[in-house]
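As structure tokens, one chain now follows by itself in the form predicted alone.
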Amino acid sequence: MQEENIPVLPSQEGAEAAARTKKRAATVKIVRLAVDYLFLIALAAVFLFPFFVMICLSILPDKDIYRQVLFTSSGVINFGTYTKILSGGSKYLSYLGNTLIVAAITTVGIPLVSSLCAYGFAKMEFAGKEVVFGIVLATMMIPAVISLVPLYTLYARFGWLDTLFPMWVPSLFGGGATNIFLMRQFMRGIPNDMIKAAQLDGANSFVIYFRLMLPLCLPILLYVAVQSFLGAWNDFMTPFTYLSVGSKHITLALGVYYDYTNSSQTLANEAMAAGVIMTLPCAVIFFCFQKYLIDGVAVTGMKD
């Protein structure tokens, strides 16, 4: 029996074409996503390779250091470099203590003082506010090296050389123009009606700042706090400028430079172990607070 030709309706042809187009678009999307991921993996491998080398060298036995290899042929993993650095008699613990003191003060102090300044610029009215804020922003254009000699002379007159004061006292005077700017931008996104309602309830400016503004500014406060900690932890130039060799107030970055990277008597595995230990807290903090680090600047674009 001869089969009859069943005509294809235009609507069916359109549906099949749409399905093919949708399938083709999905395939293209998958291919692009795969290419993007491969590119990002390759880029991450390039940036992480120095850290991989550092970790491998840190666990090499002493006899393999002179062979200039990444992996030991004996299969022995040497953790003695880490125990040597973290032992009770190591100067590394003293460096760590000094760094934690500076980092703790700046991590707490900078967000508070910068948010206090930003609150005045964002939510309070006074004569010359915009002019003063412009002057604050203008300080961002001044290279740090220009103020190095005047600050050194000033701290020498104060008797602050070979102390921790130059590392944390200046940061508490405003918290930095960048942090003030970020805080101000975030606070401008908070409705003024909330402040007016609090004023009607009898709250003064300090009550509004502590009980209203600070809780609402928690995301940007955490962002500034993390950045302040990382800045204090990795700071090298400030202690290098104001601390002399052998000072009891030497911080971690400077101590690693003096004892491990600037000494011909220190093996490479011990120096790399010191680098791993110094890098680890920064990596942990980044993974824990990466949301605030990535989104911290983006949310500052909100305005009234």
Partner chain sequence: MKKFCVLLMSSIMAATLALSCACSIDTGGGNENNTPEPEEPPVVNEGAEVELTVGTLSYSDERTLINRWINRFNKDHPEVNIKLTHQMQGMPDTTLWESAGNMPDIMWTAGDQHSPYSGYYHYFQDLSDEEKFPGSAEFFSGFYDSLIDSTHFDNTDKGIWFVPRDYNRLVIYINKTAFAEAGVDLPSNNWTWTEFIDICNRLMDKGAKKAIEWKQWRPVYTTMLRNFGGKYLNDDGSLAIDSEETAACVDFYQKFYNTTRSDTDNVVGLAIPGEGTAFKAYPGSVIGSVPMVVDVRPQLPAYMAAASNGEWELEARSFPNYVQPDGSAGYVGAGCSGYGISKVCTDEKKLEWAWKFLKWCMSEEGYEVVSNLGNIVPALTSLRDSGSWREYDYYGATVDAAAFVDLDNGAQSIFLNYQNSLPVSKQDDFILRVDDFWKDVRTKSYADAVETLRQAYSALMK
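Residue numbers count along the first chain shown, from 1. From a predicted model like this one, the values you see are computed outputs, not experimental measurements.
The protein also exists as the form predicted together with the partner chain; that form is not presented, and the subsequent description refers to it.
Visitor: Residue-level question: is L212 within 4.5 Å of the partner chain in the model of the complex, judged on heavy atoms?
Guide: No, no contact at 4.5 Å.
Visitor: Can you tell me if N98 lies within 4.5 angstroms of the partner chain in the model of the complex, counting non-hydrogen atoms only?
Guide: Close contact is absent here: in the model of the complex, N98 is far from the partner chain, nothing within 4.5 Å, heavy atoms only.
Visitor: Whether A225 contacts the partner chain in the model of the complex should be assessed with a 4.5 Å heavy atom distance threshold; does it?
Guide: No - in the model of the complex, heavy atoms of A225 and the partner chain never come within 4.5 Å of each other.
Visitor: State yes or no: in the model of the complex, is some non-hydrogen atom of G134 no more than 4.5 angstroms from a non-hydrogen atom of the partner chain?
Guide: Residue-level check for G134: no, no contact with the partner chain.
Visitor: Looking at heavy atoms inside 4.5 Å, which stretch does the partner chain contact in the model of the complex, given the options 99 to 107, 71 to 79, 212 to 220, 190 to 198?
Guide: Among the listed stretches, the partner-contacting one is 71 to 79.
Visitor: Using a 4.5 Å cut-off on heavy atoms, which residues of 38 to 55 contact the partner chain in the model of the complex?
Guide: Heavy-atom contacts to the partner chain in the model of the complex: only F52.
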